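The same protein chain appears twice below, in two forms, each given on its own as structure tokens and labelled structure 1 and structure 2.
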Structure 1
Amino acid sequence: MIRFSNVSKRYPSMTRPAVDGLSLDVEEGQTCVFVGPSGCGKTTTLKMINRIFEPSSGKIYVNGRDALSQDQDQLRQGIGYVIQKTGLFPHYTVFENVATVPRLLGWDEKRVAVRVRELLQLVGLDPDENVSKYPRELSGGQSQRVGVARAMAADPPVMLMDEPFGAVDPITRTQLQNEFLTLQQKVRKTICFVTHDIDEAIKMGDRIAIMNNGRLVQYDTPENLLLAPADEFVAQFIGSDRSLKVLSLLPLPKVLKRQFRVVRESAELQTVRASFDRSERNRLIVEDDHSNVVGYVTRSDAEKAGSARGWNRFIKPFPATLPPEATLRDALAVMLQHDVGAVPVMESSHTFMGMVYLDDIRSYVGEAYQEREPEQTVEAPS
């Protein structure tokens, strides 16, 4: 969909190239995030795609066509472009801003109007309330949404986004990121996204391109990047907490222990003891008569209990539970917060699905690292 083939860019004022021999493919419908320290060439790379900057050498293909030999304005009309400062036209209303490219393409006004309203809805803005506003009447987050709507107006297959959420507060930012992900699920555009925030990159990207000094250092999925950084620079850039970051990419089911002994609240002490006898675990899950989990009971408590139903008063509720879509990072957070070594996973907060154990997380992550460890290359004797 987008292909860089040995692309370099030199600015006259610089001794080294701003982008140096970049080759990379972004597949259709995927989000590629460019990330790296300030001045590493991310913005330059992005702007070469819509030829705001012309490469000094190399080729760029967009939709299989050589971007550099196309009519520049036509090329740009087929690429959505979102920038950090939004670049909304202050003398145009929200409507006119979003309508810019459809009008450039000569759509009739009726179609433009329908499209604008549809887009505003898509980015979560009430059309009736916002079409006739001017950009200065919008909040930062709203401006950004209009910016995204404007970029998507003519339904371009490709979108370029340069730190689109860089200028808003962290809460709005998270919100915009989540909305963006939902939106991208629906529209499946090919997106090049620039950020200098590695967490945002991990969250948004199908693939991440880490750059340094104009060179592509690693181009990989977020998981691979975290588990097997190509070199010291990448490892440093990801940060010493990369093992924590990896946790947020790993889903719970991998470490979920599903085989569990369950007893009913109404069961006799004998039944409970029998269950313990057949299990090597020291805890039993306790359900009520409607199969709703009410808590657990420990082996030692069950032994202490005297009467047939007296064990019921030893039932302890779980201090915390997790939804099945939680990540390992969430699990770890809950364990640390409540100072427990295991947390139950519950579907819609009462159907028991299994337990997650701290030890399992530890060993699972360890294995994941070992698997991706780059193979030792044996130097051939010369």
Structure 2
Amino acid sequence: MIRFSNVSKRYPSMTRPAVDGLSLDVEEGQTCVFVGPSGCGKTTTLKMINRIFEPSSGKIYVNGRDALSQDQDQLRQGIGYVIQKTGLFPHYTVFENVATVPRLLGWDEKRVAVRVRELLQLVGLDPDENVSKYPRELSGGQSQRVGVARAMAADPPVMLMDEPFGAVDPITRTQLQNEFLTLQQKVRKTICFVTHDIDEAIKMGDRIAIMNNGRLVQYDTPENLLLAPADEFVAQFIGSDRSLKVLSLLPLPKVLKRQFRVVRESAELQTVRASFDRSERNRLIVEDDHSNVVGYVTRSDAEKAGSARGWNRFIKPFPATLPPEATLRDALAVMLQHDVGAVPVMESSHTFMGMVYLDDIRSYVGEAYQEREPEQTVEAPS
């Protein structure tokens, strides 16, 4: 969908190119995040796509067409653009801001009105409450939602986002990121996204382009970047906690133990002990007679129970559970918070799916690093 072919941008005031020989492809429906230190060329790269800046050399293709051969206005009408602090027109209402591009394209007012309401609902704003407001009457999060709606108004196949969530508080920022990821699953736009925050890049990107001094250093998936950084600069930029960042990309099913012995809380002690004899684990899941999980019992407690039904008092509730969509980082955080070595995964409040163990997380991540280590070659003696 978007291709950079040996693209450079030079300014007379700079001793080196702002962007130097950039070549990469962004596939249709993907989110490509450009990230790097200040002055690395990421924003310049973004603005060359819609020709706010003209490249000094090289070619940029958008949807298979040379961007430099197209009329600038027509090119930009097919590209949504979201910037930090939204850039909303302060003298326009929310309706008028979102309607800007459709009106430029000559849409009739009925179609415009339908589209504006549809988009406001899509970005989580009540049309009835917000269409007549002015930007000064909106919160930062609301303004950013309106900015996204305006960028999507004419249903462009490509969107450019220049630090779109950088001007809001951390809680709102996380919420907007999550909402945008959900929205992207529905609309599947081709997105180029600029941020200075590597954590945001890892969360938002299908592919990440790390830049330094105008040059592309590594272009890869988030997982590959974390597990196999191309050089020391990439490793340092990602941070010393990259193993923890890897965990945020890995879903629980990677290490979920689904085979687990379950006993009813009404079972006889003999049945409980027999279940332990057939299990390699040191705990059993305990359900009530309606198959709802009520907790667990350990092997040592079952051995201490002195009567046929006295074992019930040793049933312990789980201090925490995780939903199946959680990540391994979520699991590790819960384990550390509650000082436990395993956490159950529940599909709903009582539907047990399996267990995640700390040892399995450690083993899985270790194996993932080993798989990406370069092979060591030994030269034969001469």
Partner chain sequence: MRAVRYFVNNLDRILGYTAQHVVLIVMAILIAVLVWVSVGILVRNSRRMARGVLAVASLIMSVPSVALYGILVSIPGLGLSRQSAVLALVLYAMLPIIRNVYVALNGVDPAIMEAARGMGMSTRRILWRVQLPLATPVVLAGVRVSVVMMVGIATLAVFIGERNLGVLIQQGLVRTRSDMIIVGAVIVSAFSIGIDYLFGKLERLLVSPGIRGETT
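Only a predicted model underlies this, so the values are computations on that prediction, with no experimental measurement involved. For the two forms, the rigid core is made up of the largest set of C-alpha atoms that agree within 1.5 Å on superposition. Numbering runs along the sequence of structure 1, starting at 1.
Could you let me know which number goes with the form predicted in complex with its partner chain?
Of the two forms shown, it is structure 1 that corresponds to the form predicted in complex with its partner chain, while structure 2 does not.
Is the shift of residue 93 between structures 1 and 2 large enough to count as movement, that is, does its C-alpha move by 2 Å or more after the core is superposed?
Yes, its C-alpha moves 2 Å or more.
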